[in-house]
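Next up is one chain by itself, shown in structure tokens, the form predicted on its own.
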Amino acid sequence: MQTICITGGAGFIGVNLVRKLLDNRAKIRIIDDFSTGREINLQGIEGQVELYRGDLRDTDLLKEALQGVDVVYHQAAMPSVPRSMEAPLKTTDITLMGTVNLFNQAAESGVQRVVYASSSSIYGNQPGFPRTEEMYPAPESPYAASKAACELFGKVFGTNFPVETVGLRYFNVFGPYQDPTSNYAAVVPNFITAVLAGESPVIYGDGEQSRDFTYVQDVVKANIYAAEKGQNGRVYNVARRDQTTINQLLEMVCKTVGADLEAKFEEARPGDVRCSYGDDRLFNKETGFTADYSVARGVRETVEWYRENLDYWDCLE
């Protein structure tokens, strides 16, 4: 049985990954400082995981948590483009230095492979769609710049140190456990919880900006494929090769819920990219990965989860 460590394991993507890997009978350790992760996300599985509460910049914590670990899935970061525009130094320190410390300690601890989360935001607003891995990063925010720097360090460690690394550029992940209560909450949970409450959701900009929305279970699958089949030092897009505008997304959510609501439009936020559309063919070619969920199917499953868990977030407010 493999021993697996998941950083940010109490967060949105992390907890979906934890629950899947427990189904696969892996031995799981979680590192989380609960700055954005939630203890309630671990409800029902507390006794099945080892929890290390703390910050990835704490070397002593990492030494203890990574002892005997085979694979690390690194999901922890200070997320959100808008948040990074308000706190660029904190974002960079947590996201970049936490990741470098993790790579270094993984190498020293005998970890075989680190699969780490990057972001489609590193492409910025440069011309050319769909986004391919060969494109040079053009970040528009401190968050995106930090993720681009993490990729450079990932390649350095994978090439020159005794640990393999594989990076995954996520394209707008959504699904169960995504927190709608934060001021920096993502668009899908914002839309779903507003529409379920009969309220008009907010759209920043004109709503014609597009995203390549990827359901979280496909991202979980991508992480497992990257751990088992990805090439050392590579960075791959995890996307659907599809575009959905924010206006189309709202229409999809309203149709799924059975509501007829119009959005409230506000000014576009600084640092946000206009379009995001990923090419996943390299990942498919080298690992055999394909996404299983259409956006519509993912929205249906996500709406159903939120509908069944309407009181889930009450204790977080």
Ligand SMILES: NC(=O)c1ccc[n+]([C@@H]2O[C@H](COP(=O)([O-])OP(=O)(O)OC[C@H]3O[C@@H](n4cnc5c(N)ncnc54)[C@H](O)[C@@H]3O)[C@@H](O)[C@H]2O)c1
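We number the residues from 1 along the sequence you see. No experiment lies behind these values; they were computed from the predicted model shown.
This next part talks about the form predicted together with this ligand, which is not shown.
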Can you work out whether this ligand is within 4.5 angstroms of a heavy atom in all three of 14, 37 and 55 in the model of the complex? yes
With the partner left out of view, is residue 32 within 4.5 angstroms of this ligand in the model of the complex by any non-hydrogen atom? yes
Taking any heavy atom pair closer than or equal to 4.5 Å as contact, tell me whether residue 172 reaches this ligand in the model of the complex. yes
May I ask you to state whether residue 18 is within 4.5 Å of this ligand in the model of the complex, using heavy atom distances? no
In the model of the complex, is there a heavy atom of this ligand that lies within 4.5 Å of any heavy atom of residue 203, even though the partner is absent here? no
Answer key: of 178, 210, 91, 109, within 4.5 Å of this ligand in the model of the complex (heavy atoms) is 178
Please identify the residue among 84, 165, 146, 119 with any heavy atom within 4.5 Å of this ligand in the model of the complex. 119
Looking at heavy atoms inside 4.5 Å, which stretch does this ligand contact in the model of the complex, given the options 71-79, 191-199, 227-235, 132-140? 71-79
